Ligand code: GBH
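Quick setup: one chain, the form predicted on its own, written in structure tokens, and binding and motion questions come after.
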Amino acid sequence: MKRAFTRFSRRQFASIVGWSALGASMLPVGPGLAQSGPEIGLRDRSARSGFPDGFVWGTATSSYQVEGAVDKDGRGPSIWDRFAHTPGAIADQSTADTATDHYHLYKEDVRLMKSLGARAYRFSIAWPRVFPEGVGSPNPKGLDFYNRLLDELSAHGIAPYATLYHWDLPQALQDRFGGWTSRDTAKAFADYAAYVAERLSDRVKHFFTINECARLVQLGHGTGADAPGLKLSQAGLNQVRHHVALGHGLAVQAVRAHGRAGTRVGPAENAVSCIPAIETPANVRAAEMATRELNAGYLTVMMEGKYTDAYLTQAGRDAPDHTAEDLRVISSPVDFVGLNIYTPDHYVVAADNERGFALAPFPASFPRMKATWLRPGPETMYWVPRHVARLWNVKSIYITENGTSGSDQPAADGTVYDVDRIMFLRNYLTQLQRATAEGVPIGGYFLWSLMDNFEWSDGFEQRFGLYHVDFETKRRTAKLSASFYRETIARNAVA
């Protein structure tokens, strides 16, 4: 039987973060599908939808979702290992003990990337594989796997983009320190980041620190829907968020100190997305203000080195304990910002109130994808990076995740005709091209995901991959969307 909180799916935290993270009520809102233009020829359409020379096309996965081999070669348990084995925690009662067995099938998976024409691969490093206890003695066999993966990527001309933390905290740190409720975990993360950067930056030139602070805080420590399954007070949530932000800043410093010359580092965040309901100067400005305030607890403090006055006022006694030195570390300069973009969180209109904006509700008729939390709003792909670039003068942005789940059942001929995913990607990529054409500094795009995988509390019920995976046999089969993405990469234009 499903526990009620498993209804919180992969990114269904967005409507309850931001101001709601401070205890204020918010209305979930967002824009609709982009309208199609007049019919034109393929050559003209390609010219209109082309991307800059050197644009990086890639795919993305995360360690816990694909690797499996949770007890192989000295890997220690993670908080997700324990959580997934908790009765009722996962919608289909599955675990990621074997996942897609990427640990053993990585060579095949790299060949799949190569067949797409992908030039980059965003993956995450499993902290408990490298440090089974989170701290102390490293596990050489754990790092050996990533050395083998990097060598394979290099042999196929695919650039590695490594995420240091994608939620699989060593269980030992949860047991010893209380995980992210303690500053000690932020310090341990920095030590781990330093070790990895020193040993892998000969081949990895781009490191992402922490993936989606917003979700790991809200669902992992607020609703209990994700590992470690905690339900903290608002004050506790704000303190966890602060420790995660501190961990990010310490990791940035560690990568700079221990990585080779030219190593670049930045976050990968699913920012609360604020879209002007109607594109007028007043509404655009209101959406920018909303972006700054609704991301105040993480992205804003990282970029500005301070918590906004509105954030601290709203939090009151629940504001996180912090020091000026904390803020200095948190705002350590980054080389880029990674943005995970899926669904619009808020339609925004200008308002004559103390915030300067108002949030409109979603109508009941708003469309949804297979995952009911995923309301398609292609223009999110334009507005979020535009807001981030303008608010904080960010010079380099990567779209670190974007994609959709689908029903994805093979037809009689064995093909997965996922035209819903193709529709989704085509519309989002068209908005991405709009952004690059207007000079928003987006250097690359990582499609989520290379293949179907363990989708956190949804287990194997939601499929996001370009490749269909039979989770019993581990067989990978290209979906129709793989052909779409291959053609888009080959053209450097929306197919």
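Residues carry their position along the shown sequence, with the first being 1. In this text, all values refer to a predicted model and were calculated from it rather than measured experimentally.
The protein also exists as the form predicted in complex with the ligand; that form is not presented, and the subsequent description refers to it.
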query: Segment assignment from 153-161, 237-245, 208-216, 308-316: heavy atom within 4.5 Å of the ligand in the predicted complex; finding: 208-216
query: Contact flag, Glu401 vs the ligand in the predicted complex, heavy atom cut 4.5 Å; finding: yes
query: is_contact(Trp167, the ligand) in the predicted complex, heavy atom dist at most 4.5 Å; finding: yes
query: The ligand contact in the predicted complex: Trp373, any heavy atom under 4.5 Å; finding: yes
query: Partner contact for Trp456 in the predicted complex: the ligand, 4.5 angstroms, heavy atom; finding: yes
query: Of Phe189, Tyr342, Phe123, Trp383, the one that lies within 4.5 Å of the ligand in the predicted complex (heavy atoms); finding: Tyr342
query: In the predicted complex, the one of Asn270, Gln171, Thr300, Ser201 near the ligand [non-hydrogen atom within 4.5 angstroms]; finding: Asn270
query: The ligand in the predicted complex - contacting residues of 58-72, heavy atom within 4.5 Å; finding: Gln65
